[in-house]
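Shown below, as structure tokens, is a lone chain in the form predicted alone; questions about how it binds or moves come after it.
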Amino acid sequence: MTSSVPIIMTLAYLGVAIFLGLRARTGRSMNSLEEWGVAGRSMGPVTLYLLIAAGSVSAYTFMGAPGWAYTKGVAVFYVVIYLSYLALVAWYFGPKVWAFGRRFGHVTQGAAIADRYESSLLGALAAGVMSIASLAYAVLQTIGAAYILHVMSAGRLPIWVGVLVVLSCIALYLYASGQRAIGITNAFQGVLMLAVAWAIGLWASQRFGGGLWFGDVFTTLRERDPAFLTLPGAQGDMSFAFWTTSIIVSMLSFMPPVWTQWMSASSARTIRRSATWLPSYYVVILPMVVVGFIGIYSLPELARADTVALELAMQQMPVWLVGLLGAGTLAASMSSCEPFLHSVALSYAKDIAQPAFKLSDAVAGKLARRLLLPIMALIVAPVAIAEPSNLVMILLVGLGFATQVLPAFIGMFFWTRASKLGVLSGIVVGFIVTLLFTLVWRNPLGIHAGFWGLVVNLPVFVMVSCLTRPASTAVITRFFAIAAPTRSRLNAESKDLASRG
């Protein structure tokens, strides 16, 4: 395809995103952690709904999902299961996290962990660990965004130029407006992605399936290749054990950007209202899965499965639809990249630099914005331009390790006896097991390495916590007054009765 229409439409999307992102800061100073970090805790239900939805739906929607449908079949729907579960998590835990932030002044996940366990070291460790997965995720999204620009420009924009263009655009409005920029751009990107996905899916179904009804595509698949509709899939490489444990590990990874999104809400009720409607957004996946199924018969010799939607578009679709797909895919990449870059800069400043160098909140706020640029220039851009073949492996290790922070959350919401040393011990042994079962003995018995890490991590966490000193009564009382108010009230009444004899 030699038309310039697709790259013009894709670049037009970038222009709109920059405009919206820069305007988001209007009338506000962005040097404070409260404003730059959590948008002054002011986001309403619609913005929060689109912020969480667009942030959790990455380039995977337009590249990975059709690619998995093309090669593995219905195993692709694991993402729908775990995203819907995240909506449930947001509904239950979101208001509690918001209340922690509002009452205790937390603006990061690491700050909440440090406060709960009275250990800035543990907060910094958790922030550092989480940043590994966050940065790997941001790099993957940057590579995806640069690849889109490369394809839409018919190869005229090399990958390295695309990386610099995308990161420069994000840096511009993220530095200027922080979490407010993420909120407004994600709202725009979320609507765009939903419209583009359904436009592409309905067009492909009409063109290749004989009608707008997606059911005909599934019927054809069942008659010609039923293996695509069951596990272990058409290639036989997606066992029930790995599929299931991958979902579990994904469910238990409480990534920092999600935490920040909850704390950006205007109220606890706002989070509940947004989370209630959140699963409705994930219908964005369905039409792109259908495109992947159509590609099985339309593009049978495709070398790279992730490009099935793009190849179908470039070969068959009108140029305006190709341009829409380019804009939608770029929006998906950037909407997921922004929150992870923002949360890493915020965590490095608040959870690591502030306690290490005894910085004031004002200095830490300025530092968070300034750290954004070296993180992009020195870490994300070089790795994205290098396009390392083992990046997915790095991401898997990162996510496996992120899951090992689970005991910290158990102690925050459910178990008062959880201790600092218990959490620390669990993280260390869980990480070692995950690392070994990822690099040396890969996924024994077909079970995800991160799940094996948890199998060892949790008993160690419980045993060490029972043998060591928990946090002070004052801290536990104020945390569980929010996390488990009924239980706290009953305990207080019991103590009162006991004191009366």
Partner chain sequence: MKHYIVRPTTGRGWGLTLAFVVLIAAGIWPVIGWFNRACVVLGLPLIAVWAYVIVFACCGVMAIGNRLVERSCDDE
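From a predicted model like this one, the values you see are computed outputs, not experimental measurements. Positions refer to the first chain, counted from 1.
There is another form of the same protein, the form predicted together with its partner chain; it is not shown, and what comes next is about it.
- No member of the trio F188, F254 and W441 reaches its partner chain in the model of the complex with any non-hydrogen atom inside 4.5 Å.
- Using a 4.5 angstroms limit between non-hydrogen atoms, T416 touches its partner chain in the model of the complex.
- Contact annotation: A484 falls within 4.5 Å of its partner chain in the model of the complex, judged by heavy atom distances.
- Of the heavy atoms in Y297, none are within 4.5 Å of its partner chain in the model of the complex.
- Looking at P470, you'd find a heavy atom of it within 4.5 angstroms of its partner chain in the model of the complex.
- Checked against its partner chain in the model of the complex, the residues V363, M314, L286, L373 give one hit for a heavy atom within 4.5 Å, which is L286.
- Checked against its partner chain in the model of the complex, the residues V165, V80, L359, V319 give one hit for a heavy atom within 4.5 Å, which is V80.
- Heavy atoms within 4.5 Å of its partner chain in the model of the complex map, among the stretches 175 to 183, 135 to 143, 336 to 344, 272 to 280, onto 272 to 280 alone.
- Counting a residue when any of its non-hydrogen atoms is within 4.5 Å of its partner chain in the model of the complex, the hits in 211 to 245 run W213, F214, G215, F218, T219, R222, P226, L229, T230, L231, F240, W243, T244.
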